[in-house]
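Let's start with one chain on its own, the form predicted on its own, as structure tokens.
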């Protein structure tokens, strides 16, 4: 009986990887063929007098070491109608002093200093309230935006009136060890490639919180960030799409970002991401019963099945360890590991990762240096990022929805 359960688990886990990888790669290649050809460059050729005004919000908490580089990159941005609002959310370090150094020398920069820490979502909402741009762009304080990124994102709002949001292409820049290299592969595949595929379907899972642009009128319609959500970026993405705004991915809008350099920091980040995804699935469960939201069903279904997959993967590991222990004690001579099937599954995962890296090398040629460690991704990284998703799912499902603001969780 246990062996039968084990075989069913292995089959489901493997088929999920193979089918989803094929879907992601196919959808991403369609996106590339339709939207990333050189002939599509004219889409971005907008006369300067037709470009909408932009306010970039930079919410910060304890970012004294990084916000200077972030603001310097924003000051180098090539955009004619630019306002930058840096928000210090009650930082106890020298974040405010670093911001003031830039504000004093550039009239496009404004500074909002909060005496009470209320979390990232509230900091952004306060920044929106005092901003003037037709487009609101959020950039994390530990990120460095490409000089042309705003032009690439703004073009979608000019060309397509139904667009409510556009997310950019974050690329890890602090590549110091194996863990950060694995995240280079992750952002090329599980972020960039998957967003291409999701746009091909018509709906995306999330606009990246590190770089996203919103039409002010759309925010006035659907509301601003929900401070009670662990992942306010996912929730607002779903709310925009629930109101039938088009949300797009712009790979040319490149931004360098800092990723976790140690396993404990990465685990804290993924605990929040996992909790936030479950919260969004609960809050927006009504999507599945309304025909008008049918284009969002694939995203909801895939997100739900992916959570189930992580749980079953851990169960599978437990069963595998049981069989191996039994073999070592001489209780059985059955080898439960179907090595050929594992090779097929790992090959599918590696193919997805490799495709993502090769597609994104147009925007980040250094990403190809992560190719040698790609085979280790399903063997090492799945374990690291899967455990947090499993840990938080049941408690989040059972816990009553939070009403307090989600506070900052600095990564460094």
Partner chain sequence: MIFGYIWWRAVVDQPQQLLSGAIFWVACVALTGVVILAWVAWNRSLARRRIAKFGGRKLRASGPIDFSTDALGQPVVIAEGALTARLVGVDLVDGVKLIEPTAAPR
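Computed from a predicted structure; not experimentally measured. Positions refer to the first chain, counted from 1.
Keep in mind that the form predicted together with its partner chain is missing from the display, and what follows is about it.
Undergrad: Within 4.5 Å of its partner chain in the predicted bound form, counting heavy atoms only, one of 309 to 317, 282 to 290, 142 to 150, 217 to 225 shows up; tell me which.
TA: So the stretch in question is 217 to 225.
Undergrad: Can you pick out, from 57, 357, 51, 350, the residue that has a heavy atom within 4.5 Å of its partner chain in the predicted bound form?
TA: The residue from 57, 357, 51, 350 that makes the contact is 350.
Undergrad: I need to confirm a contact call. Of 129, 305, 329, 76, which residue comes within 4.5 Å of its partner chain in the predicted bound form, counting heavy atoms only?
TA: None of the other options qualify; the answer is 129.
Undergrad: Should residue 65 be classed as touching its partner chain in the predicted bound form when contacts are defined as heavy atoms within 4.5 Å?
TA: Looking in the predicted bound form, residue contacts with its partner chain do not include residue 65, since no heavy atom lies within 4.5 Å.
Undergrad: Would residue 376 show up as a contact with its partner chain in the predicted bound form if we use heavy atoms at 4.5 Å?
TA: Looking in the predicted bound form, residue contacts with its partner chain include residue 376, since a heavy atom lies within 4.5 Å.
Undergrad: Any of the heavy atoms of residue 325 lying within 4.5 Å of its partner chain in the predicted bound form?
TA: Result no; residue 325 lies far from its partner chain in the predicted bound form.
Undergrad: Using the partner position in the predicted bound form, report whether residue 245 sits within 4.5 Å of its partner chain, counting heavy atoms only.
TA: Flag for residue 245 set to yes.
Undergrad: Given a 4.5 Å distance limit between heavy atoms, list every residue of 108 to 123 close to its partner chain in the predicted bound form, or none if there are none.
TA: 109, 110, 111, 112, 113, 114, 115, 116, 118, 122 sit within 4.5 Å of the partner.
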